[in-house]
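Shown next as structure tokens: one chain only, the form predicted alone.
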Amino acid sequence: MRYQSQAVAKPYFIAAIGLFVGQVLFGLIMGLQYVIGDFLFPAIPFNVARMVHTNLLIVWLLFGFMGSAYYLIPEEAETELFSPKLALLMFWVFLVAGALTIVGYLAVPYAALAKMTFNDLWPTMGREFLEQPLLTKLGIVVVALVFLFNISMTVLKGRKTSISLVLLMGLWGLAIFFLFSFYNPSNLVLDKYFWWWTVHLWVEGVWELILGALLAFVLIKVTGVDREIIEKWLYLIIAMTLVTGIVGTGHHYFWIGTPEYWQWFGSVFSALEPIPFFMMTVFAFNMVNRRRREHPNRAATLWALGTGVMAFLGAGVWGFLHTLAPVNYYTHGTQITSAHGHMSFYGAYVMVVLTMISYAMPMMRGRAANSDKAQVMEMWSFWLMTVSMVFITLFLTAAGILQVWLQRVSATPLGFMAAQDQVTLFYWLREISGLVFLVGLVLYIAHFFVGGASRKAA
């Protein structure tokens, strides 16, 4: 660690991992509810478990992005963070607000929670992924603005690099597009149209800029490749990301009442969306092959390479499988969508945050890398989580294909619940894979507590 203020990233990383554990546990609860319908009912109904699972995903990734920025920006700007105290204050505000929101979901009926949090004054609740109460949404805006002020001021007073500017663009975009969560028109078509301006333009737009910047930063550190080479790749990747991702929003507009031309725009541009992810994979492997030094943190290098591969498979390949309008006509809203969502979120965003944590945490403890024993454990966690996520995706894909056939293509189509009964085997297999994933996550946490000889940071 070169700058003292980088240490503020540590509580963000710890909170991120803790919330990640919660997300996985609620995912396992939901998985059991697919096959044992009254599991934990009425204490935790399926709709509540799903809401907690997806909200924890968003919140812990935001903690991960913020911690990564607080670690990366001082080093790129070659100056201390503008205000470490402000960063720590916002950490506690965000953590307490997030915890109270989750407790609210679990302890209070959703309609009562909406009434308690003044949703009647400004209705924003009740939409998938954006279920947060009005007060929580306002809190997120305050935290985001203070965070952006802090890192922007740090960049302004220090060195400006392509990596820090791309990261800033992604983080500012994240904050700006979240504002559409406050726009809730009564017209359902308009509602869904602008809802995607948050949901899609986050995960298939500005978040990809954050992903590219974080990956580029780690690759510079672990490979020693010239910054100019890595920055040229980064510019190419973000250009393709923005061109394909923005117009590619149209693949969500196929069946919601929007004009017909969106079927062409959505199909063509979203079919191009795998390109930046493929470029990211080539980029990661190319940089590692051209490395000028053998960095002792082999685990962080493995996470960086895995990010490129899994992001391409999950967001690229599995996204393309059902993105063309004639195919999506049959597959939308099925488990194929869920398969794509699981692998793409894991490959693109979960893995890049774990990459940053894997690289930065040893540095914040005064080491270039953890001990060999700890790294072996971490690499086991990588393979357990990654392989189990591949199997989760394959089982959900198989369930989705069978669901499409039984429910939408067959000459004698079944109803939704009857079709679900026929794919129960795949849900059980998905649950077993999820348990293996949890074992991998526990190993990832445990490796931080394993001692042994480690190389000191320069």
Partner chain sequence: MSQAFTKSMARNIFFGGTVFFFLLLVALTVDTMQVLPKRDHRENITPSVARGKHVWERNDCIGCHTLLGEGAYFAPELGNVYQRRGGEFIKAWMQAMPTKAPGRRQMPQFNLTPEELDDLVAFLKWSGEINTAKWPPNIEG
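Residue numbers count along the first chain shown, from 1. Remember, it's a predicted structure, so these values are computed and weren't measured experimentally.
FYI, the form predicted together with the partner chain isn't displayed, but the following is about it.
Stretch 240-248 is the contacting one of 360-368, 240-248, 373-381, 312-320, since its residues have non-hydrogen atoms within 4.5 Å of the partner chain in the model of the complex.
The closest non-hydrogen atom of residue 270 lies beyond 4.5 Å of the partner chain in the model of the complex. Among heavy atoms of residue 390, none comes within 4.5 Å of the partner chain in the model of the complex. For residue 289, no non-hydrogen atom is located within 4.5 Å of the partner chain in the model of the complex, even though that partner is not displayed.
Contact between residue 188 and the partner chain in the model of the complex is found at the 4.5 Å heavy atom cutoff. Checked against the partner chain in the model of the complex, the candidates 94, 147, 202, 254 yield a single residue with a heavy atom inside 4.5 Å, and that residue is 254. Taking 108, 282, 236, 141 one by one, only a single residue has any non-hydrogen atom within 4.5 Å of the partner chain in the model of the complex, and it is 236.
For the three marked residues, 11, 182 and 447, no heavy atom of any sits within 4.5 Å of the partner chain in the model of the complex.
Contacts between 255-272 and the partner chain, taken as any heavy atom within 4.5 Å in the model of the complex, involve 255, 256, 257, 258, 259, 260, 261, 262, 263, 265, 269.
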